[in-house]
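Single chain ahead, by itself, as structure tokens, in the form predicted on its own.
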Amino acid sequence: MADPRFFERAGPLTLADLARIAEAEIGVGGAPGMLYRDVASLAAAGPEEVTFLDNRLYAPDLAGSRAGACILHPDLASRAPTGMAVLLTATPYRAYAAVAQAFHPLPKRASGIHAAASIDPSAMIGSGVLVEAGAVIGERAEIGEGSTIHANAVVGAGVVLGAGCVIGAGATLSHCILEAQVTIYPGARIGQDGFGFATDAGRHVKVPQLGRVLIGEGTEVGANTCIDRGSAGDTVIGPGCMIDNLVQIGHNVRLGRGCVIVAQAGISGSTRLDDYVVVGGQVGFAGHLHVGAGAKIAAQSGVHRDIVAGQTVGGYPAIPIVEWRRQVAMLKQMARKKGG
């Protein structure tokens, strides 16, 4: 059960409510009127809690679970223990997300400007905005209605936020325009200088970074992630992207819609990722590359060449995933033979 000191809880909810919210079917024997009070993991859930099973690696744990109800795929329903209600869906994780949101809706937010905030008189503040203590909003900045600026965040001169944006504590924004419903997590840095210089006779001459960062609607940028502004054009993050913590995105990078970038990935300047690309943790990109729509890149890969749409790659340097796995298997075989 979630700690009530940090997470407000709604409910209880009936099994029928949960089935509707999850867009799932109640399995045989489930009582539609049974009440449930929270969600929990497969191992920790009790009789009044709902859990889920999505990764089949954990299927053996289902038999020992004490959960009152479980969201799972129909072909695993027969493995649920006696007395456990099941909610059947082809997408258990998505269904669990909807149920968890129902039990733990976003807390009601206040609005208003704290006395310890600093707001330039030329800034435009929309209706229903919350600005917490220590936040700074620079001259000519525009804050969309219903947005939240958390403590000690800095929204620089001329920055534009669409409606319903959330800027986390200690984040800094400059030279950027955010569309509606963008979330910037604590400590993120958006719009700072890109890493651009010309080297001549051992001397590094700074190249002015004259672009912006443009972030599309509904995107989330994780804690301590850095997105550099463009050098001449713009750095562009498409709508609906999910960017994890500790990601570095260089100047003039362009992400399409719905990309997923996992922690500690680094994308060098002028690289372009088309729609719905998935990048695993600690992946590194050389600059000026093109990754086609729907491509997937395994964790810790090094990308030095373009990747075609829909391709899955891995390794260093990154190659088609099947070929990479074959190479790894061959190396293991060679090592065994040499050791023997």
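Position 1 is the first residue in the sequence shown; the rest follow in order. Because the structure is a prediction, the values reported are computed rather than measured.
Omitted from view is the form predicted in complex with a further copy of the same chain, to which the following refers.
- Interface residue remark: A299 is counted as part of the site for a further copy of the same chain in the predicted complex, having a heavy atom within 4.5 Å.
- When a further copy of the same chain is considered in the predicted complex, A40 lines it closely, a heavy atom lying within 4.5 Å.
- Contact check for R326: a non-hydrogen atom falls within 4.5 Å of a further copy of the same chain in the predicted complex.
- Within 4.5 Å of some heavy atom of a further copy of the same chain in the predicted complex lies at least one heavy atom of Q282.
- Relative to a further copy of the same chain in the predicted complex, residues L13, S111 and A309 are all farther than 4.5 Å at every heavy atom.
- A heavy atom within 4.5 Å of a further copy of the same chain in the predicted complex is found for one listed residue only; from V253, A85, A265, V129, this is A265.
- Although a further copy of the same chain is not shown here, in the predicted complex the stretch 105-139 places heavy atoms of H114, A116, S118, A133, G134, V136 within 4.5 Å of it, in sequence order.
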